[in-house]
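Given as structure tokens, the chain that follows is alone and in the form predicted alone.
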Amino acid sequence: MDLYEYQARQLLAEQGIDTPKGIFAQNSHEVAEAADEIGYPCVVKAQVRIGHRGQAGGVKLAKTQDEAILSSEQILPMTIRGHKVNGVLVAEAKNVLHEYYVSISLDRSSRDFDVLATANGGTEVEEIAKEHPESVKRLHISALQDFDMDAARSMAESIGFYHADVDQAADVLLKMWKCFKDNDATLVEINPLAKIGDSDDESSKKLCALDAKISLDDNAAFRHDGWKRFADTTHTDMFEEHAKEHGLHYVHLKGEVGVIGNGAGLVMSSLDAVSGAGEEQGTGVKPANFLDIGGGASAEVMSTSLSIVLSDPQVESVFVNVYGSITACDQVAQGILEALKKLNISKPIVVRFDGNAAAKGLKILEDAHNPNIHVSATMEEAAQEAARLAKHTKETTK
């Protein structure tokens, strides 16, 4: 789950990391009130779950209420790199003396945690890393290690916080680590972590998180009741929400073939097979969803899964790809028949079974004599058939 900036700031503030005062607003009236409360100048920032907002015109400085309102009216209708703006954050404008980049992330390839930092923060950090890799410092932390004050201070010194107090920088790094661990995050990023204040007044200088990006591990949601506050009701997908209510792993895509399987790897392979079949046939047919029924799925789970997939009007055919292990294929077959009986629909379903009780499951489907059920021996054949049937169904129902 990727958080909006205003939500990420909340988690940083809860750990004692300084952030500029900010107020989330969703219309120009709220922006006017927020700007007056924050004071001028203030910054109006688009809230989207993606970076490079400034280059897209999604971040504007306002020196008056009129400018704040005008900025919000320009930003709120925007779509930035495919992401519809969800609102704006009206925040204090700070006098920035220097910008740094710091992040802590989960590195799945090395199976450890990465602390990454550079004294060249702000925009285009990726380009800086490519052109001046020596300026980027990295620290690997294994799952059995911890990140303590000594390690944080050493990291701060290596980065070169020459405009900032090293102890203050180490404290920020340590608090980021605590935020990362306490919230089961996969990414905690501050860019920029800025040195702010009056250049002529040393006592006014301090580090402040001007922008933040945090990603949380959805699988840990059961441990965090507080995550309910981050629910994005404005961009809720009703199919994904329905699947979530039943404990199913579902992702809504833009295509014509519903895909159901057991195991993320098998479902991903099925998606690729369907896409490949659509390209090979020259139809452009694509997967309509990702749905993993998991291990040990019952007839009821299979029936619910089909109901969700077939309730999507873009679906013209369904590809069920199950390898029986804990999940018995005869139970899946029963679920398919139950769903067809309940739904009373005519969309074709292509089934490929292998493994535990595969022969028994196929016999159940054969004995049902349902003309909407098509059986294929391999994943590739099933994907080809599902893509062909999707195109045929779409053409005949026009």
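These figures come from a predicted structure and were not determined experimentally. For every residue, the number given is its place in the sequence shown, counted from 1.
Below: the form predicted in complex with a small molecule, not depicted.
Contact annotation for the candidate site: Glu256, Pro287 and Glu385 all lie away from the small molecule in the predicted complex (no heavy atom within 4.5 Å). Within this chain, Glu316 is remote from the site of the small molecule in the predicted complex, having no heavy atom within 4.5 Å. Although the partner is absent here, Pro192 is a contact residue: one of its heavy atoms lies within 4.5 angstroms of the small molecule in the predicted complex. Although the partner is absent from this view, Met176 stays clear of the small molecule in the predicted complex, with no non-hydrogen atom inside 4.5 angstroms. Although the partner is absent here, Lys360 is not a contact residue: none of its heavy atoms lies within 4.5 angstroms of the small molecule in the predicted complex.
This chain appears without its partner; in the predicted complex, the one residue of Leu210, Ala169, Val90, Ile104 with a heavy atom within 4.5 Å of the small molecule is Leu210. Taking Met78, Val96, Ala221, Met149 one by one, only a single residue has any non-hydrogen atom within 4.5 Å of the small molecule in the predicted complex, and it is Val96. Judged by heavy atoms within 4.5 Å of the small molecule in the predicted complex, the contact stretch among the candidates 347-355, 367-375, 334-342, 39-47 is 39-47.
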